[in-house]
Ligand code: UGY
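Taking the form predicted on its own, here's one chain by itself in structure tokens.
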């Protein structure tokens, strides 16, 4: 049935909810046999770009000028760089420094979360180097002592990195202990389950496949609903002074 213009997607001054019924695919430079769903970018007010890359078997993405973070949602792919070759599976991730030569080639139909950001150098600190890992190898820590809310930090907590990427897993009924208001901005991709997100003064039901952008100082809160854990991948800018 025609939905007559109805959607959960909304674009507000300090947040964006992007739901699958509104996704439009495009081909970005460096893509072969692949497409991107661009969720957020600087033209919408963000300081980074995040998209979901969909690769057919044999499809590929290659080097970009910005630093890049990849997280495999489903499928499998081979990542070749100037110094390494690694097969990636769901839960695998990679950090690629700005302009680092690389090609990622799908060995099955594959979906990736891709985050790109212009690197902000830090005086007297070397830029980070290539990093490849798997989420299962990261020890989960409870958020603020809550064992029903687990955080896995996928990038090292080191000053060289100017952003962080974590996964957060909520057991059914778990929720953030406070409404957060802070200087960092977020890109958030729901990976499984669902719940209710408060963004500014609005409340939204969210589920796997949804993307959320939160601007700096956007009031934010999440509570998990349903019978399975809720999990999301979340980006934030980090380790840099607000004046730049």
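All values reported here derive from a predicted model rather than from experimental measurement. Residue numbers count along the first chain shown, from 1.
Below, we turn to the form predicted in complex with the named molecule, even though it does not appear here.
Q: Please tell me which of 61, 214, 189, 206 lies within 4.5 Å of the named molecule in the predicted complex, judged by heavy atoms.
A: Of 61, 214, 189, 206, the residue with a heavy atom within 4.5 Å of the named molecule in the predicted complex is 214.
Q: Using a 4.5 Å cut on heavy atoms, which of 114, 100, 155, 168 is close to the named molecule in the predicted complex?
A: The residue from 114, 100, 155, 168 that makes the contact is 168.
Q: Would residue 234 count as a contact of the named molecule in the predicted complex, using a 4.5 angstroms cut-off between non-hydrogen atoms?
A: Contact with the named molecule, yes.
Q: With a cut-off of 4.5 Å between heavy atoms, is residue 182 one of the residues that contacts the named molecule in the predicted complex?
A: Although the named molecule is absent here, residue 182 would touch it in the predicted complex, with heavy atoms inside 4.5 Å.
Q: Does the 4.5 Å heavy atom contact test between residue 220 and the named molecule in the predicted complex come out positive?
A: Answer yes; at least one heavy atom of residue 220 falls within 4.5 Å of the named molecule in the predicted complex.
Q: Verify the contact flag for residue 197: yes if a non-hydrogen atom of it lies within 4.5 Å of a non-hydrogen atom of the named molecule in the predicted complex, no if not.
A: Judged by the heavy-atom cut-off of 4.5 Å, residue 197 is in contact with the named molecule in the predicted complex.
Q: Using a 4.5 Å heavy atom cut-off, which of 22-30, 36-44, 53-61, 173-181 contacts the named molecule in the predicted complex?
A: So the stretch in question is 173-181.
Q: For 110-129: residues with a non-hydrogen atom within 4.5 angstroms of the named molecule in the predicted complex?
A: None of them.
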